[in-house]
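Below you will find one chain, with nothing else, as structure tokens; this is the form predicted alone, and questions on how it binds or moves follow later.
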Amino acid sequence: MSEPRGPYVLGLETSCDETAAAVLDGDNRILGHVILSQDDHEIYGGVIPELAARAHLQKIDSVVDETLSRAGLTLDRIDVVGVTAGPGLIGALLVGVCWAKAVAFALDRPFVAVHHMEAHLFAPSLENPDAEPPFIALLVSGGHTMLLHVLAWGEYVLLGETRDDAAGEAFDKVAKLLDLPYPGGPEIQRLAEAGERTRHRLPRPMLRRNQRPGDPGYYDFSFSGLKTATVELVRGLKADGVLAPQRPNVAAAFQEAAIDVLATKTLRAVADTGCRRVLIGGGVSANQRLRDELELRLKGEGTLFFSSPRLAADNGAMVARAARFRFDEGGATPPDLSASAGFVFPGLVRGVA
């Protein structure tokens, strides 16, 4: 392996409850990478925005210092400072954006604002150089579910998105319903491994056999109805006094329903575009059952790209990679730009396959 060389990009991620930083070298190799997850939210069963922002403020200096130490660099060796500017929790976002802008100003370095979901798109490419467009992208996280046709980096056609709860949010809520720890996605997956997928039948929202391209909701997602059906199932099992032994079966049934919807919508996009390259990103993309189902449905005639679990979660490396692309494309972000929960996804247009 060749020696690291610049330009070096520092990426910061503080959109939710991970304080994360990473440094990439000029070949987009990860030199230093730290993710500090906040444990305080577990007792509440979800992220408390004010607590998250305070924790970021307390930890961001030490996280960056450790990242630079692992990279063997000092802060003045950084050439570009990238940061997630949205979407996310506004207080948490502001911590990262203000820190990045202050450091960029002090060092006279370019500051680059990054869209959180575009960063997730880049994550698999950090571990697999073949994870390059064109591809169909399924982005599934705690706050977002999106289906894209990615023609090239920076050219994104939005095929579908969630109309209510995101997939990750639904996993967290069902986990809480089953008295599982937060975050719920990995816990649901673990519990489901001991369950029977077909013991309980749960609905597949917005998924009908007679749907055709162009129909409303053909590519869109909805998980609120699935969540409600799971609530009713648990309520009935509890009333019958049989919930405890049925918890693995409930977890398996819920996971199977959610993954069936995600995989079916993704394969619709594959069929309609003719693009048999699929990339999945976001925290839910670490779900092994989702990966297995997509690989099965591609039947060896397509390619599935995904990240290791560490890069599937929120992290600074994906932010640094997206920041490099955005800087190469358009230069630095104006210094008056601030964090925004409604930060616009650059290059995204709504369309049909």
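Owing to the predicted nature of the structure, the values given are computational and were not obtained by experimental measurement. Residues carry their position along the shown sequence, with the first being 1.
There is another form of the same protein, the form predicted in complex with a small molecule; it is not shown, and what comes next is about it.
Using a 4.5 Å heavy atom cutoff, none of 82, 111 and 316 lies near the small molecule in the predicted complex. Using a 4.5 angstroms limit between non-hydrogen atoms, residue 266 is distant from the small molecule in the predicted complex. Remark: residue 322 does not count among the residues lining the small molecule in the predicted complex, judged by a heavy atom distance of 4.5 Å or less.
Remark: residue 248 does not count among the residues lining the small molecule in the predicted complex, judged by a heavy atom distance of 4.5 Å or less.
The small molecule is not shown here, but in the predicted complex it comes within 4.5 Å of a heavy atom of residue 189. Note on contacts: among 286, 294, 55, 34, the single residue with a heavy atom within 4.5 Å of the small molecule in the predicted complex is 286.
Residue-level contacts in the predicted complex: of 195, 168, 86, 205, one residue has a heavy atom within 4.5 Å of the small molecule, and it is 168. You can rule out all but one of 115-123, 68-76, 152-160, 95-103: in the predicted complex, only 115-123 has residues with a heavy atom within 4.5 Å of the small molecule.
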